[in-house]
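A single chain comes next, written as structure tokens; it is the form predicted alone.
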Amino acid sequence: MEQKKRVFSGTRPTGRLHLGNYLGMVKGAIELQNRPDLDCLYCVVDLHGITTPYDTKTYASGIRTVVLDYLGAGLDPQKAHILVQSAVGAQHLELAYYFGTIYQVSRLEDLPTYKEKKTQHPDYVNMGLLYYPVLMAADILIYKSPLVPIGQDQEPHLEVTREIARKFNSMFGETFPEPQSFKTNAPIVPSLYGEGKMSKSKGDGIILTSSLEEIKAALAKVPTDSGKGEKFPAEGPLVNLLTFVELFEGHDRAMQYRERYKTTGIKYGELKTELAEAIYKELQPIQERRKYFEDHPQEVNQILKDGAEYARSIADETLKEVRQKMGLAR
């Protein structure tokens, strides 16, 4: 029997999952967990989250919230392993230290994400932030995962992971695969109010527990025009609005609105109401599943415990091999 390929995916606990996360990352994760040839580990990477400012009083509940959102959105503990990074923190951090002894500081200082975070948080520039890509490499390589589903902005970090794998293999013998980014069929979900992707920082992140009224309120803020013209706009909020129509109501409905724009005109109030109802219809089963897990905390605890134990068994074997090859066997 052919061995399953392992997939590792980590998410920082930076807030509630929104539609962009669901249609992009989470639906992609569900697609992967349903493949019989893959062994998926989905991890809330809480150790990465403390490299930027955070509230110690709410951090633990924030981690739990992301886990509940994951489970509600459809991650299935019968098909994938769900865990919190710090539950296997000793193993991840130990491997990250070993990697830190063979990787150059100057390369980390040149990474665009490090420079960006330094600018965003000039009073919170710390070793953990600089070390972030090395710990990310340990997260992935400790499970010898050849496939990593990531966004385009994480490609430089994944290249660091490949460089570390190559360097370790050249110094100590073939040990780690060079992981490749894994693209799913997940769409890029645009911002409702501006350019780029939907994000909480832009205030347009419709979270997965939103009520129908909250969704209507969010859509009401989307700027529109007169609803009629000779040519449908090529970019801007109206295009993004029609992208949401296509995502939740289908391609044909979006095309109907495009034709109306050039003929009878679009009544945005009706469009937004219909779209809000379509979004809420998709979110209802997510909210029902999430409520079930929220009401059964011991079941969630067991899911996380099982995930951590499975991950730890793999990590311990990898560390044993690494110590031996580095002359640190004990």
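We number the residues from 1 along the sequence you see. Since the model is a prediction, treat every value here as computed from it, not as a measurement.
The same protein has a further form, the form predicted together with a small molecule, not shown here; the description that follows concerns it.
Q: Pick from 245-253, 223-231, 128-136, 163-171: which stretch has non-hydrogen atoms within 4.5 Å of the small molecule in the predicted bound form?
A: Answer to the contact question: 128-136.
Q: Answer yes if any heavy atom of Leu212 is within 4.5 Å of a heavy atom of the small molecule in the predicted bound form; otherwise answer no.
A: No.
Q: Find out whether any non-hydrogen atom of Val148 is located within 4.5 angstroms of the small molecule in the predicted bound form, and reply yes or no.
A: Heavy-atom contact with the small molecule at 4.5 Å: present for Val148.
Q: Indicate whether Gln154 is a 4.5 Å heavy atom neighbour of the small molecule in the predicted bound form.
A: Result yes; Gln154 sits at the interface with the small molecule in the predicted bound form.
Q: Answer for Ile140 alone: is it within 4.5 Å of the small molecule in the predicted bound form, judged on heavy atom distances?
A: Contact with the small molecule, yes.
Q: Among Val26, Leu275, Ile303, Val45, which has any heavy atom within 4.5 Å of the small molecule in the predicted bound form?
A: If I apply the 4.5 Å criterion carefully, the residue I get is Val45.
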